[in-house]
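The chain below stands alone and is given as structure tokens, in the form predicted alone.
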Amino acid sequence: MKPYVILNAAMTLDGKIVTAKNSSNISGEEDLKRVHELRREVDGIMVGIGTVLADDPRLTVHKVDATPQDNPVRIVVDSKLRTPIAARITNKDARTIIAGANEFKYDFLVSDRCEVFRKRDVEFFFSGDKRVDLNALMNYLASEGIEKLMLEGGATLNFSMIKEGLIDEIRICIAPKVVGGVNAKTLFDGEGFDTMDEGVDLELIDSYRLAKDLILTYKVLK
């Protein structure tokens, strides 16, 4: 049992989700509204610790009309429990769950930082040894009533999720830009697959223009 997972991202025509200097303002205003409309529809939204450290996102619905009840549950995959005290994702605007690995559990739970998070009603889920067990996390989120999950992950978390067969749908905004950069992250990085035959197959189920951008929706074939 797991949520229906939608990976949503914006990338340049050459597949970059950030530049080598971590600039990520890729899509236009209309696409940002589309993203927030999707946030309003889902039960949860998940990011990795890299996204939290780089962007300090709120992960709430604020580009379209919404009430506090429209905010999805926010989940941070943070194996080593590095989420900063000042991270906006730990405020009380919405429910927040930090998922960590068991190796780092004890030291974190007895730390002052953990106590600060608890006072903000931040919740914790632990699984795996050195890294979060994503399958266990998906089962836990389903048990918490999260039926539809939006993944706004970075390149590493995206690959880990698709390698485990945990992504059901991919929605991509392609901006008419090329930025290059051997160190600029793509939509999926991680260790990658060794052969094309091992790669994950997709089926295009929708496409349309949104202002200057192109929106593509793929079903992940399993």
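Remember, it's a predicted structure, so these values are computed and weren't measured experimentally. Just count from 1 along the sequence shown to find any residue number.
Here the subject shifts to the form predicted together with a small molecule, a form of this protein not shown in this document.
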{"property": "Heavy atom within 4.5 Å of the small molecule in the model of the complex - the one residue of 175, 157, 184, 170 that qualifies", "result": "157"}
{"property": "Interface residue in the model of the complex among 95, 80, 148, 88, criterion: non-hydrogen atom within 4.5 angstroms of the small molecule", "result": "80"}
{"property": "Exercise: residue 54 in contact with the small molecule in the model of the complex, heavy atom 4.5 Å", "result": "yes"}
{"property": "4.5 angstroms heavy atom contact with the small molecule in the model of the complex for residue 113", "result": "no"}
{"property": "4.5 angstroms heavy atom contact with the small molecule in the model of the complex for residue 207", "result": "no"}
{"property": "Interface membership of residue 42, the small molecule in the model of the complex, 4.5 Å heavy atom rule", "result": "no"}
{"property": "Contact segment among 124-132, 67-75, 139-147, 105-113, judged by heavy atoms lying within 4.5 Å of the small molecule in the model of the complex", "result": "124-132"}
